[in-house]
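Just one chain is shown here, as structure tokens, and it is the form predicted alone.
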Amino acid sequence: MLKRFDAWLDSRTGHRALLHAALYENVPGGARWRYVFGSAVTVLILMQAATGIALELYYSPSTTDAWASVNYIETQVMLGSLLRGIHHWGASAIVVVVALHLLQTLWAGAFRAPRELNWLAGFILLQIILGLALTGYLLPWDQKGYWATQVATSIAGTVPLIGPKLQTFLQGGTSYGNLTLTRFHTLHVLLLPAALFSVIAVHVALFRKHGVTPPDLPAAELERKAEPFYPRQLLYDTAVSAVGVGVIFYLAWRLGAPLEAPADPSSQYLARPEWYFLPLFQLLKYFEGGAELVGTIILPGVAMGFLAGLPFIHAVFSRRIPNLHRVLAGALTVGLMGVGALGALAVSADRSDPAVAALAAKAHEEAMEARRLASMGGVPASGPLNLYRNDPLVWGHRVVVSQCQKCHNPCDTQPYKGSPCLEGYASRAWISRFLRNPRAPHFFGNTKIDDMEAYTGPQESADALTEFIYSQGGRPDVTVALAKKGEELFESEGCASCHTLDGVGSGLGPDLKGWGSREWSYAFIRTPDATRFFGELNEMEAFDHLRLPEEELQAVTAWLHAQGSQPLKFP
């Protein structure tokens, strides 16, 4: 049955002749391991195409849906995490194997006549593969893709004459948004793959016309060692490709693919490109300000121009310099080593910088938090940034960061120069420290509110006062007897001369009835200059409904109240 079908198919397509020509093509000098990289790249590209098509079944290219769809692939699609991991690690593997293929063809002198056009086709393939890598990591619309691509489009914007227009075209406007994502998506899944397979067809056709570049052996020796592609060379190619695919599956299974928190233009994020663009990123550090063009365009342009023009440079100078192709191969190998060294320097610089490590750790925490919140209530249709509303405390903290930290700096800021820090606010530890030193930098030391004297009474009394003030926040864990004692001390120690407990205030110091409760914080944030709070001493701006909508204020007060059970983050 199969034989009859094969005969029928051959009569219509002639596939037997094509297969025979491919398998029994003569390999001058015999099969060699160094010929395997072209086949390995082809296998990896086909794997990327297959996994990319599978991912497209679930991916949605819009700023409101992209992150959610990738998270859906990761968490809901059967083997979705593995699928995405294969696509992620496959992209890196292609860059590695293409670099090895480049080195192999360099040292074999495969750029020499009559293979100039094939060399140029390979050079174009390298550019397309890098373009696919660049356009791919924006698609999840997460923090890493968003900020790293900002760097890339900024570099494009430095191109003389056309730079600004090119940047605007890539972005789809003056800023990042839906058009940016759809344009990168179109490039990644349509235009660049179409260009890739077209150039591959040309590359393979030219390769078959000229054959492999044989080793530098006498013609008789090449003829004596020649053998067909099948079986030995096919075995070598299959073995290396299988090992490569196996390594990718292993990495995808063990490590998966990263998915950072949803892209947030208002956040601070450590923008770093993928490893294969780190050399360029490091190079930019050496050319700042007016010299930026040297790092972004001139040096990379000269390097790429030299690589593309290699066949023609060889044609001009080969008569004067013996073994010129080896000299050129050596120079480019040193250049590639320099590129690798730049990448290593970028990694080393980040690892030795505590600030970078802190930002990376924060980014990891935010990514885990976003994934947790998405699992709690799903991703809102209004966009992934709104998933933080699934948890009022998380949402409250984000509002505090965006609205309040301009003055109320993070408590671990060194040196601390802001208004009272809020992490651990209204906790026993916060109150106790405040009573002992209200003018400390983390309290009112950086403001003009400096009338309050430090409490110098015994620790037992300080603890009682602390418990009384702490009880005003409506805490469930108050020690009633200790708070009662503190209430008596509040009068006898003179606190009542400035602070009232009637919900009205005296204008001398904040009224403490309900201090630390959500209601107290709500009223204070809306009207900090009211007589009940700081009156004429007030330095804080009022947050009315326009500056801070009701929903956001409720989240902020929830977060502030929760700080009563949190540890301090300052010494």
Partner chain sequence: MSEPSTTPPTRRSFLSALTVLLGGAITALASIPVLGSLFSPLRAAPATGAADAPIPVGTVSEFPVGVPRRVELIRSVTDAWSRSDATTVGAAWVTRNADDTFTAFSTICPHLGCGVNLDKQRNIFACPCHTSAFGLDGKFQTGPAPRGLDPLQVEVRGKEVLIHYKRFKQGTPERETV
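Treat the numbers as computed from the prediction; the structure is a model and nothing was measured. Numbering follows the first chain given and starts at 1.
One more form of this protein, predicted together with its partner chain, exists but is not displayed; see below.
Contact annotation for residue 372: none of its heavy atoms lies within 4.5 Å of its partner chain in the model of the complex. In the model of the complex, at least one heavy atom of residue 63 sits within 4.5 Å of its partner chain.
Looking at residue 274, you'd find every heavy atom of it more than 4.5 angstroms from its partner chain in the model of the complex. Put simply, residue 53 is far from its partner chain in the model of the complex: not one heavy atom of it is within 4.5 Å. Taken together, the three residues 177, 267 and 292 all lie with some non-hydrogen atom within 4.5 angstroms of its partner chain in the model of the complex. Segments offered: 221-229, 322-330, 158-166, 249-257. Contacting its partner chain in the model of the complex at heavy atom distances within 4.5 Å is 158-166. 173 is the sole member of 415, 173, 114, 305 with a non-hydrogen atom within 4.5 Å of its partner chain in the model of the complex.
Only one of 210, 285, 436, 439 comes within 4.5 Å of its partner chain in the model of the complex through a heavy atom, and that residue is 285. Heavy atoms closer than or equal to 4.5 Å to its partner chain in the model of the complex belong, across 298-329, to no residue whatsoever.
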